[in-house]
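This text opens with one protein chain seen in two forms, each one given by itself as structure tokens under the names structure 1 and structure 2.
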Structure 1
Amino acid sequence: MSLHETNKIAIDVDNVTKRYAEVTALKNVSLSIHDNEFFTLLGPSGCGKTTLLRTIAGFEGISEGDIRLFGDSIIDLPPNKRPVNTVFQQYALFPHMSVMENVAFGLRRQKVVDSEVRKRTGEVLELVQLSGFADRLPSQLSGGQQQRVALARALAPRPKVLLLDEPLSALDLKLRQDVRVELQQIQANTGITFVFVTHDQEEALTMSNRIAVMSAGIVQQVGTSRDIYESPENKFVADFIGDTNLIDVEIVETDGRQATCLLLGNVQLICNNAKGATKGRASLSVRPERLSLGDASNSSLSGTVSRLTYLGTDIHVAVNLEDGEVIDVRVQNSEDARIPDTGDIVGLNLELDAARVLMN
């Protein structure tokens, strides 16, 4: 993943609120999307991702705030005057037009001359590997091919920003993984800013330069895949991205960066990742792969194995602590791995640097 060279801001979403009659779909959303960036909006279904995308495209007005494209406010422009293009979730291909005509549609509206339209349409179709399908109707294409046409149609006018609303969700797994790589390459080669919407965290983590995690109309955290996975800023992000154990702790001492936590009332841990911690109840977030099993006699923390799940590359071990909390441990499936049996009493070792204190 190359770092974007310029830090020029392509889209500036400034304190945007969008209210529908009953729900507030976006609550004071602020985001700065850099030029040339693969930016992903990630969140569970109904969190407002599509709404945010539609306000940028101009299909929805906003209740408060401003949206700027390269510095100029666009909120008063109708969709056909905004230099952004959209890849729709259900593709929305024009059913009565051939692949070629679909792709040429935007160029024709921009009054590009005929020879140029033909040239650019051909180029874009080549880019998405559909050169041989120019004369087909959308209904004569497979789902994956339709998806490419939708992409080609949106790329053809060379927009400054491309908006993609869950473009891969209708494809099957294998195809989805191939298209991910292609999309990344197209983004890198064209230099167009991509704003990509997905509810699939794996998709987000593997494709994006930066991710905005959303929930209930609020941006929870913005950062690189690594930031978001390794340094979640709150319980929602920690829980939503990947698997994590959220262990109830009490913070007995803290200087705002380091904290002394008390587990189960008697086990003391000193945790280095405790930005913003205050005394009182909190959660300790530990990824399952950052925990390991040991002898109960050598560990301060121990529990009973309650379930083993075989997943091929690793094995999930569920360990019940004495207060009933269940901790998930992921053990790599290698020859020297020690796999316990259910009912065994095991010790839990955690890498303290990998544990994160999150305030409730």
Structure 2
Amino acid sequence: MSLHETNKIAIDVDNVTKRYAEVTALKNVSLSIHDNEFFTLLGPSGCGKTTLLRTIAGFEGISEGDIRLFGDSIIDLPPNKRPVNTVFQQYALFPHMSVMENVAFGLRRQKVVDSEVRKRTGEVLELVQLSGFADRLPSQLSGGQQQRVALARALAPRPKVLLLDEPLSALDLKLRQDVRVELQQIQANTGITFVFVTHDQEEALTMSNRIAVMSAGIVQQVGTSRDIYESPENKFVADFIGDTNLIDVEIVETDGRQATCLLLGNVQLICNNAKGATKGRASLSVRPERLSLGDASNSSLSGTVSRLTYLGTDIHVAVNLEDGEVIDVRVQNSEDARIPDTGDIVGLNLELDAARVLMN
């Protein structure tokens, strides 16, 4: 996926703070979302991602800051005056209305003429692959089909921005995976800016142009999926996105880009990803797939296999170091894979560019 050629900013969130009595749900949040971008707000429950989405929609006011849509402030506009639509976690379809009537609802409220309503309803039903379901009631549809009706209803009035609040959470895993692909295709076909809220890291990584990782009302990092996964800026991002090993080290020498680290008091490692590092205590973030197992006699770092976890495509090997720290190694499941047994002493081999220094 690529951003729109003009790189125009669709949404500017400028130092937004949101307070509920003594609780601060958003703390000086600033970010820019591009036109025609699939942008994801990612974080654990209670991190502020849905609150931020609701402030963009107008369902929540803000305590401080500004929100601009294509350059114009919208904080004083009520929800029905903002050119955005929202798809909620619960689809909120009208049970007594047919699919066509549900999709047409927003258009009729805008007093669009009947001929245009029929034309536009047909277009969006075709877009979400439900043309043959126009006369059915929501109760006659599967969960995935209901989700697509909710999406069609939100798209029908041609919003400039579509907000999606965990719309896939009620679907089973296989259906979620299928709908992810459909959402990406719909966003690409319509060119509408999508702002997607999820707590699911895999969803965010696979669907997004860019991701904002949030925790405790603060945006921790904004970047592409690769940026977020390969180059986390702090321990929260490293630990929340996928699996990682956070290894305690002492930085004994650094030029701000490369660092010499001591592990277990005497094991020396050179880390190339050490931007901003200073001498002192730190952590190394190492993804399990960037480690490999070898002969303990030929490795500077070794440990004892304490657990094997079979996951089909790969096998997770837990290795206990002498200080009790557990390192997770991911071994690809193949005929050539050398899988140790529990209790074996193995060496740990680390790719030179695999570890990222994160200051404590």
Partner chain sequence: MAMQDINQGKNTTTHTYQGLGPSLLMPTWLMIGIFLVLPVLMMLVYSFLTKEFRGGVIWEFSLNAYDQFIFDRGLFGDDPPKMEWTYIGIFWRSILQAGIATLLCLLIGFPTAWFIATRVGNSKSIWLFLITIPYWVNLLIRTISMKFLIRENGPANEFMMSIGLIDAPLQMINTNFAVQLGLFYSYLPFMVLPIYASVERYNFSLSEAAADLYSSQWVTLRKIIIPTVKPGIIAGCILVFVPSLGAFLAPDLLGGAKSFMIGSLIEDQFGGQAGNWPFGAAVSMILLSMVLIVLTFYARLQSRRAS
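Here, a residue number simply tells you its place in the sequence of structure 1, counted from 1. Here the rigid core means the biggest group of C-alpha atoms that line up within 1.5 Å when the two forms are laid on top of each other. Just so you know, these numbers come straight off a predicted model, no measurement behind them.
query: Two forms of the same chain appear here; which of them is the form predicted on its own?
result: Structure 2 is the matching one, since it is the form predicted on its own.
task: Take the rigid core as the frame of reference and indicate whether the C-alpha of V181 shifts by 2 Å or more between structure 1 and structure 2.
output: No, because once the rigid core is superposed, the C-alpha of V181 moves less than 2 Å between structure 1 and structure 2.
query: Does the C-alpha of D135 move 2 Å or more between structure 1 and structure 2 once the rigid core is lined up?
result: After core superposition, the displacement of the D135 C-alpha between structure 1 and structure 2 reaches the 2 Å mark, so yes.
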